[in-house]
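Quick heads-up: it's one chain on its own, the form predicted on its own, in structure tokens.
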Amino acid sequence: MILDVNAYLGPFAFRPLRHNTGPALVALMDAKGIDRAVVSSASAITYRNTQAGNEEVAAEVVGRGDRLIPFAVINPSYAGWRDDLHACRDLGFRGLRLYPKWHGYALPDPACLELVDAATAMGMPISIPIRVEDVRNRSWLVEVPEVPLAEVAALVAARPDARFLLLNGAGYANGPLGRKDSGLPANYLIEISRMDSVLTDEIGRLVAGLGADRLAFGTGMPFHYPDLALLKLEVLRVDDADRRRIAWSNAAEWLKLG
């Protein structure tokens, strides 16, 4: 069983995406042997009002709830975010994705902390993509930095009761987020799609330093083809039990899947 915690639906402002509708993404998942995927709106990354993108995702997930798990993109710097959060919960969204650098706020901002607290009270995990695209693929119109890992570490320490999914990141193994003895609470999973399991073997070093129970599989599709992430999982030097934890059970427990 494979659960992808890092997938997207809908158009992106700066380049076309294939397989970005509900039927097309599920067909791609079938072709690649991926059982379920956590999805959020790619268009909401640049929408001023992210709720329009969330509603697009809700429509695409109808009839596919056994395969696609919707996460809402909420911008706490937007005046109506509290209403959006409650509306998304009522629409069946299971968690959140935050884009602080795209939406003009910082993780320590009071509004962001209020959003994290509200989502935690609703039992919703919070995912944070460290970046959206490789800098080499960016439009010349935007220069959006990555979310600093130190800022993420401070947030997970400040909100130990929240559950975080860290997506599209790298360099964890060199810092406190990648060490079990760092003093940080065990309230986050690290998704593996941007790291490698051969050259620098950051995924293997995270297994050794943090534990296989703290990693989750993801692809970034349809921004990325899923094959590379699947290959990383296949060649990762862990036993079958740890591979199953990374591929499915860690995230399934985090998302409280039956």
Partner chain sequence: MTEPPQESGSRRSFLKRAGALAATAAAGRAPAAQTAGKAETPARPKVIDCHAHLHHRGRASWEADDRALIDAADRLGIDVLCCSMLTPRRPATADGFRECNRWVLDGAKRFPGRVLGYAYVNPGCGAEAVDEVRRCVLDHGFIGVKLYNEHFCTDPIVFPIVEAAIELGVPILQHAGHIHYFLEDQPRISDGARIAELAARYPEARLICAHVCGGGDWEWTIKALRHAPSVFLDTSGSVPDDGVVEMAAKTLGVDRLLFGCDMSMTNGVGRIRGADLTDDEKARIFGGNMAKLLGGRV
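Numbering follows the first chain given and starts at 1. The shown structure was predicted, so the numbers you read here are calculated from the model rather than taken from an experiment.
The next section is about a form of this same protein that is not shown, the form predicted together with its partner chain.
Engineer: Would you point out which of 193-201, 37-45, 206-214, 50-58 contains residues with a non-hydrogen atom within 4.5 Å of its partner chain in the predicted bound form?
Structural biologist: One stretch meets the cut-off, namely 193-201.
Engineer: Is there any non-hydrogen atom of residue 64 lying within 4.5 Å of its partner chain in the predicted bound form?
Structural biologist: Because no heavy atom of residue 64 falls inside 4.5 Å of its partner chain in the predicted bound form, the answer is no.
Engineer: Test of understanding: in the predicted bound form, would residue 94 fall inside 4.5 Å of its partner chain by heavy atoms?
Structural biologist: Taking the distances in the predicted bound form, the answer for residue 94 is no, it never comes within 4.5 Å of its partner chain.
Engineer: Given that its partner chain is not shown alongside this chain, does residue 238 nevertheless sit within 4.5 Å of it in the predicted bound form, heavy atom to heavy atom?
Structural biologist: Yes.
Engineer: According to a 4.5 angstroms non-hydrogen atom cut-off, is residue 70 in contact with its partner chain in the predicted bound form?
Structural biologist: So residue 70 does not count as contacting its partner chain.
Engineer: Considering non-hydrogen atoms and a 4.5 Å limit, which listed residue (90, 134, 117, 109) is close to its partner chain in the predicted bound form?
Structural biologist: Here the answer is residue option 134.
Engineer: Counting any non-hydrogen atom inside 4.5 Å, which residue from 101, 138, 82, 163 sits next to its partner chain in the predicted bound form?
Structural biologist: Looking at 101, 138, 82, 163 one by one, just 138 meets the 4.5 Å heavy-atom criterion.
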